[in-house]
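Below, in structure tokens: the form predicted alone, a single chain.
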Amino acid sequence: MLDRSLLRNFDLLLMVAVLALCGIGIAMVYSATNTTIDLADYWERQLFFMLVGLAVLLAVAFFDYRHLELLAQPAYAGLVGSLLLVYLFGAVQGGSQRWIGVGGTLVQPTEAGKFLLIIFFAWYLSRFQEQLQRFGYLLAALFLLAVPLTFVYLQPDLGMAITFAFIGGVLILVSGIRLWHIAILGMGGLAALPFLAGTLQGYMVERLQTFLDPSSNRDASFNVLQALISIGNGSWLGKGWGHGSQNQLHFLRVRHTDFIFSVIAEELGFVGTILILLLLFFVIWRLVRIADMAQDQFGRLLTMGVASIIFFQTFVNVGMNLSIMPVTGLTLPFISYGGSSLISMLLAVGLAQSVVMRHRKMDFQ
């Protein structure tokens, strides 16, 4: 039976901001794909993904997030199991083995895997909050993080591996570990860098070299150069929706996914991009606010994990469009085309809504 009193705490401002970002995403996907025959229906697919995602968001919001503690260990097992299936039987595209076929559709488990990781780590770090003062429990947490992270790295998917590491790192830090633990981990990370550098795949090295010296590989740096031209073309107010030259003349590749920020900058200008970034950071602020309001450590960590994903992906995606970070393939939250990405992001917002709707009701119904 639905408890209508829960609706009083539903974060309507967060919901409005998310809907606005999804609507902008559909409009920009349309602009980026409508002149390409093979991609012309992508905006309709994105609309469908949004509707499915909103249904998932509402279902998750009305589900008591505290019950997820019972599912934390199966969630971790499911994450590792799906990554193992990808490693053994996954489909290869563009030299990477990141997808598995489900009913004739390729699914990337790492998109949903980010949130399974958040659920598990929120449970582990809240369940053993007192014991985290002992270094052994912290090492156990790092080992549990390293298992899925290694499978993702082997796909190879450096961008998603860094995302997993960032999520785990943020949750560990906000869970309240000791300062000397942080110092030891920092020194350990620095010591491991030479080893990690030796394991980089060819495409990873190429992207780093292209980032440091674009002239070293003109073909690889072509899209970054076109992105910068697009951003420069936009000036203050942009060329108008659907009128960006680099976008409409197809100079800008993967313009509906990784480089949709450049399409926005060219067509909506500096003012448009700032408004969209303000919307994204408003969403992040609302999530941090919900984490602060949460009355239990599990809910707090759950919401901080969601906020960390949106912040990290926004920072990296905008950074690679501006050529101040290497190209990683991370999408712009709620805006870039992609069903797995959009639905999982909306599911994550649903988790945060579940926390805020119950922040004054700590007893199980």
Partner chain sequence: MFERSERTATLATAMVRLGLLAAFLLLAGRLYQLQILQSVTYQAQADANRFRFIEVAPPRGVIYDRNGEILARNRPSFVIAVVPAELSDDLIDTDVDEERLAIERILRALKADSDPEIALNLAEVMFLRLGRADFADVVTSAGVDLDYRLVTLQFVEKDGETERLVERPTLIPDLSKQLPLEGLVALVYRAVELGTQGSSFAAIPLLELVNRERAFDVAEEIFQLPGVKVQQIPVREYVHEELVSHTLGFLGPIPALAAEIYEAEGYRDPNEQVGLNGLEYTYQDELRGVPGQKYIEVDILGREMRTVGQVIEPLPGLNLRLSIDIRLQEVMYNALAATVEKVKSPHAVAIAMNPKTGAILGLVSLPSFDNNIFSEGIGPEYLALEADERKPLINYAIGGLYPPGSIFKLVTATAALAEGVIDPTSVIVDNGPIYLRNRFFPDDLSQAQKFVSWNHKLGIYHGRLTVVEALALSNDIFFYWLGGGFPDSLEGLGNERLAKWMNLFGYAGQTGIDLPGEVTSFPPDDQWKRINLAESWTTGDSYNMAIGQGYVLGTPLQVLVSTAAVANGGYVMKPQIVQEMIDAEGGLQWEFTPQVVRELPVSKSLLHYVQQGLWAVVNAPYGTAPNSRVAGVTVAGKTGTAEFCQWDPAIEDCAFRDKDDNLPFHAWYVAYAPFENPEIALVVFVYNGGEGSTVAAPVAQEVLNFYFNGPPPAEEDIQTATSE
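Residue numbers count along the first chain shown, from 1. Not measured: the values here are computed from a predicted model.
Beyond what is shown, the protein has a form predicted together with the partner chain; the following relates to that form.
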{"item": "Listed residue (184, 154, 192, 277) with a non-hydrogen atom within 4.5 angstroms of the partner chain in the predicted complex", "value": "277"}
{"item": "Interface residue in the predicted complex among 231, 119, 79, 260, criterion: non-hydrogen atom within 4.5 angstroms of the partner chain", "value": "231"}
{"item": "Interface membership of residue 304, the partner chain in the predicted complex, 4.5 Å heavy atom rule", "value": "yes"}
{"item": "Partner contact for residue 163 in the predicted complex: the partner chain, 4.5 angstroms, heavy atom", "value": "no"}
{"item": "4.5 Å heavy atom contact, residue 242 to the partner chain in the predicted complex", "value": "no"}
{"item": "Proximity of residue 318 to the partner chain in the predicted complex, heavy atoms at 4.5 Å", "value": "yes"}
{"item": "Contact stretch among 68 to 76, 142 to 150, 81 to 89, 173 to 181 - heavy atom within 4.5 Å of the partner chain in the predicted complex", "value": "173 to 181"}
{"item": "Heavy atom of each of 251, 254 and 270 within 4.5 Å of the partner chain in the predicted complex", "value": "yes"}
{"item": "Residues of stretch 309 to 329 in contact with the partner chain in the predicted complex (4.5 Å, non-hydrogen atom)", "value": "311, 315, 318, 319, 322, 323, 324"}
